[in-house]
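The chain below stands alone and is given in structure tokens; this is the form predicted alone.
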């Protein structure tokens, strides 16, 4: 709703009231329309202030009402009515003005913002564009280049930057509504024609306007990797710069209509809700882990200051936690101190705040963690080493301290068995770089308590992570699924593909980097070590049937053979590609690698064939998706939303495709099933291609939408 009152004698106050973010739902819009009519008809009212309750102006449109055109007064005519009003309209912006909230404020004649407020037009992140006049008013107000930056990226700006850009007229550190009322009284009776943004022309740009838009469009198309919303945003702003306002609004509406019905918009909106769903996980019986209050965490420790440990320590300090960082090797400790300080200072500079260097303390002695509430172990991925550390932590830490491991695939229960209180052990699987990547897999072992899980999930939230609770199994969710994807990429090389073909197909799909480029970036030796520990990478086996069979199934030793030749990727200057020198970044096709693949195929009697990019996508992605169905069947993930969040935020899955499970639903489960059956018949020695029984069950039940899959698995046993 929107509440109307008259204050200070002559100021009409319209207060948006719709918790938690005062979204512009049908009831709120109706309240604004009614309040506006009252204010304009009241002869005692000389000006109007629009604000929001509870320190928040407006979070924008109500996404739950998308597609419900019959509900309430439309937003655009409402904003036009505000702008056309014959009394000064002042927006009092506290908290944030986002999307439709900022468009509402741009319809007002003046804007007053609190110094801590944030403003933005983030519609592009939902596969849309600001279609309530935002793409037309903002360029007219602040100029084309600045408007393009905000609309294409969807980024939020501080009140200070908004003032500098000219979005707001005044910034205050005091009570915003009081400042807005005072301002409204001061402008009462002033002419308003010059304050109606829709009447403006865009400020002229330096240089050629067509050249500017062509260059921006080139950059957007290159960076969007198939996303259509950023392209439409450029087209909408171009309309503002080249057309009268009314025709620009028509173009905005046309572009929005195309976006609104697109699969990309549905995927991005699904992802929006999926992020919220993963934080409200419950067991199939209905018991909720988050009903258990998290333990208070006031001080945290990180064990091991390699790349991951440093990133975790930085993320914790940036979230405001005092951090004790332990590294037993003095040289590594000295290097880590310098690196962590630099990371904190760079991050603080980007955010315009002071670096939290005072939050960090360092030690080479594990006894330094004796008084912390939670420990995150981040040493090298070695079970023996991790077990030893958990034994030490159990002896040193407070009895009620949570002991967490950053393992990416090891058995959390084995580590818990080394402690006095195994119920206080959980996995916290961060993704590199840990202070940047948003995903956190919280691994709940069979003996982990609900309170321990709740505490880890809450800590992740405070660190700004998308925290997803997953069950304990080799690889958990993300890496378990990735294994099937990686195997198919290797097999495709054996059958006739090149790294460039595989990577280009995956990049065309929307990944920022294909698998083989990612492998070179992270280091081929990382996967090699894991395969050796799993008994897969065997020395001296290069010919005969056993060279391509491990543990009763097809295996490709290609990655192992490259590592045996010292080709570890970028760090050595060569891997699946060549880089010119160790540490090089530019991947170029490697003739040696092509010859190596030809020799390998000849040695093993493999006849190369032409591989189509579509086969690359189907083999890699459908194998990964099939493992996702097995994970749901095993109860390792609570629902498809969990898997999709993990892949979007941790593994580079293109946001506008929603995640692997949503993508499967969009493609059509019958098609996914049919193609998996086709490839399994062709490769019966690859179990990952055998369709999962849950997939078959869903297809047999009519392929329900992804949001209904939980009903099909709710009776299955959950590991969580």
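Positions refer to the first chain, counted from 1. Predicted model only: the values in this text are computed from it and were never measured.
Form predicted in complex with a small molecule: not shown, discussed below.
Only one of 614-622, 272-280, 85-93, 431-439 lies within 4.5 Å of the small molecule in the model of the complex by heavy atoms, and it is 272-280. Heavy atoms of residue 23 reach within 4.5 Å of the small molecule in the model of the complex, making it an interface residue. Contact annotation for residue 59: at least one heavy atom lies within 4.5 Å of the small molecule in the model of the complex.
The small molecule is not shown here, but in the model of the complex it comes within 4.5 Å of a heavy atom of residue 99. For residue 130, a non-hydrogen atom is located within 4.5 Å of the small molecule in the model of the complex, even though that partner is not displayed. Proximity to the small molecule in the model of the complex, taken as a non-hydrogen atom within 4.5 angstroms, holds for one residue of 37, 64, 678, 671, which is 64.
Interface residue among 126, 168, 397, 308, judged by heavy atoms within 4.5 Å of the small molecule in the model of the complex: 126.
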